[in-house]
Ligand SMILES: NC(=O)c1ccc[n+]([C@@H]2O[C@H](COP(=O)([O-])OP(=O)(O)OC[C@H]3O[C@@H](n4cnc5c(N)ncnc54)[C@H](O)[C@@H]3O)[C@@H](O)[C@H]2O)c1
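First, one chain by itself in structure tokens, the form predicted on its own.
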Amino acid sequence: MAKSSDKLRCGVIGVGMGKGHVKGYQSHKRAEVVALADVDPNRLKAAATELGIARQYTDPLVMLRKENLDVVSVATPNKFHKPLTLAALEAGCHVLCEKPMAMNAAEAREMADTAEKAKRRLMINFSYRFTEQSWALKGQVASGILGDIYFARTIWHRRRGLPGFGGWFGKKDLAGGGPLIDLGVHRIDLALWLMGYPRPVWVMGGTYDPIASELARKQGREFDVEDLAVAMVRFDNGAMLEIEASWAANIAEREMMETRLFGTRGGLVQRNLNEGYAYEAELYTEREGCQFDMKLHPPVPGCPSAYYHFIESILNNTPHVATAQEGLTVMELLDAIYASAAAGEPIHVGAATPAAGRARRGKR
């Protein structure tokens, strides 16, 4: 419940990705972003000026102590998701945490358990659910048009797209992994969400770094994660999912995103257009012996942003999507993929440990 009878008081930790969180909350008439926190004072001041936020903190724990917040966004490097989420929950706040949920499944489980004990919400910002194409496809799947889903493929490849090369994204101790945990996590969640979040049983995974590691060596940059990861996942219902994610790959497209589902009565695809961040969605069915293709034409009614949805769910005391439990399932899957890549053999999901999850580099 809100501590204010009028608006939910929101705070955002991390003003890089966090600027999107601020704008998302500001789109809701009953949400007010009252404070920002970031360890970089110059970045903090610039963001606060741009966004019109007066109260600024270089220590997020001080913000949590001093401000009477209802909602907190954690939009920091992955290493800090767990401690800051726990601190915000203990301060009595609902939390929207950036993806990936944590560095590993053990951290994610502690976050989920703490939220449950605190009786506070913890939502993971799986933002690729909140596109018109994804929202519409979820409605179609729920209607039963695909029948039973038995196979899916979800990918995000970049020809050369290493984020902040030499920065925290390429450091395992800060990020937890490379494109699998950065890009792949979005496509994995989207596929699992459309599939109804079946329980993964085992995975066979591989990770490689031939392109980025060579660039890092030439430029004297630190880089100890993969630049490409692949996996095959089997679920408890017998369905399977193929996963591919890369920051650097020798492909024609600058950026390629696609999620496909194969069902007993139909199939679907959501993919990006013109190597950018606009999308299209199509359905493929058979009726009375004839094969039909259906293409979505936006707008899609009722498709909110993740931030608007989170505020609405709190105000109306209704369930939110992208739950902590779903975030934990994704982290268990990521742990297993990295462990399988390191071991060179299939891994049962839940049996992986953070220590086993180091990327196994492919032959160059």
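Numbers for residues come from their place in the sequence shown, where the first is 1. Everything numeric here is computed off the predicted structure, so don't read it as measured data.
Same protein, other form: the form predicted in complex with the named molecule, not shown, and the subject of what follows.
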Subject >> 4.5 Å heavy atom contact with the named molecule in the model of the complex for all of R43, P77 and Y128 >> reply: yes
**OP:** Report whether the minimum heavy atom distance between C10 and the named molecule in the model of the complex is within 4.5 Å.
**Re:** no
Original post:
Can you check whether G177 is within 4.5 Å of the named molecule in the model of the complex, heavy atom basis?
Top reply: no
Subject >> Contact test in the model of the complex: V39 vs the named molecule, heavy atoms, 4.5 Å >> reply: yes
Original post:
With a 4.5 Å heavy atom cut-off, would you call D189 a contact of the named molecule in the model of the complex?
Top reply: no
Subject >> Among the candidates H94, K99, K82, H157, the residue which, in the model of the complex, approaches the named molecule to within 4.5 Å (heavy atoms) >> reply: K99
Original post:
Which pick from E244, D209, D182, E107 sits with a heavy atom within 4.5 Å of the named molecule in the model of the complex?
Top reply: D182
**OP:** Mind telling me which stretch in 193-201, 166-174, 236-244, 212-220 gets its heavy atoms within 4.5 Å of the named molecule in the model of the complex?
**Re:** 166-174
